[in-house]
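As a starting point, one isolated chain is supplied in structure tokens, in the form predicted on its own.
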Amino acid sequence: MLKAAYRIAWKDVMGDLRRRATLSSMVFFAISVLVVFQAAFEPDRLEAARLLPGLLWTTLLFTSLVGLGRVFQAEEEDGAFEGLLMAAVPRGVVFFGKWWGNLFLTSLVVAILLPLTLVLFNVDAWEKIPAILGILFLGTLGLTGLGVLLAAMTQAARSRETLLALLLLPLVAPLLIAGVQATGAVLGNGGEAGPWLRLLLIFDVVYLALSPWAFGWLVEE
């Protein structure tokens, strides 16, 4: 089962790297958002450190929406989604394959996004990069897990990108708040990171436990 999910994820990642479609769009979008924020606020170093958690998670959220809107694009263009569902594996395996592929691409963007943000906003937090990356990755687990489920739900809609954003934003709001607070605590903006990290883990577990089951039920309908 894990091998089948891995093959689906590998197909998605290699196909995207060959087409240079989703990853390049996500990176370009993330850079654009950061440049706009920097030009709009022009914060000094202290103000930038205070704003950094919100900037990181807002950019991650909007960039994720770019990637999630294309999770099933290849199958839709080739008319292969029904064929994928006919594979002799449980539907949950298909979900995990699509999720792993999207998670890999989003994690690559996160790895680029963080140092770029520190440079653009002149924030001296290089020694805290491993801790911040860990928090961002924890949030990315739940964000992409729920996002892939909602992408499957909205793939046949005419305005699927808009509908995906409308469904995803309120559902991941608690996860985003926990991520912002945990990142702020690591950066020394006040509070403790521990309770917010536990909350992030709880949301990850809930999203990733329910999403495969909901995906199977959704594609059956």
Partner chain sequence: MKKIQRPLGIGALVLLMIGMYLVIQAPADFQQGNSVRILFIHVPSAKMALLTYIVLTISSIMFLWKRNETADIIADAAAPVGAAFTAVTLATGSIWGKPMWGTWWAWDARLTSMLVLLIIYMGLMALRNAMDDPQKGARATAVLAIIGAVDLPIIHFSVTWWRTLHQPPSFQGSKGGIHIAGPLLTPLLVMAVAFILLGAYLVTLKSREVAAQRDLAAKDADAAMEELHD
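Because the structure is a prediction, the values reported are computed rather than measured. Numbering follows the first chain given and starts at 1.
The following text describes the form predicted together with its partner chain, which does not appear among the structures shown.
Remark: residue 166 counts among the residues lining its partner chain in the predicted complex, judged by a heavy atom distance of 4.5 Å or less. Although the partner is absent here, residue 210 lies within 4.5 Å of its partner chain in the predicted complex, judged by heavy atoms. Contact annotation for residue 181: at least one heavy atom lies within 4.5 Å of its partner chain in the predicted complex.
Using a 4.5 angstroms limit between non-hydrogen atoms, residue 170 touches its partner chain in the predicted complex.
Picking from 173-181, 44-52, 58-66, 27-35 the stretch near its partner chain in the predicted complex, with a 4.5 Å limit on heavy atoms, gives 173-181. With the partner omitted from this view, the residue of 118, 136, 94, 146 that lies near its partner chain in the predicted complex is 146 [heavy atom within 4.5 Å]. A single residue from the set 150, 71, 113, 103 has any heavy atom within 4.5 angstroms of its partner chain in the predicted complex; that residue is 150.
Shown without its partner, the chain has 195, 196, 199, 202, 203, 206, 207 in segment 188-209 as residues with a non-hydrogen atom within 4.5 angstroms of its partner chain in the predicted complex.
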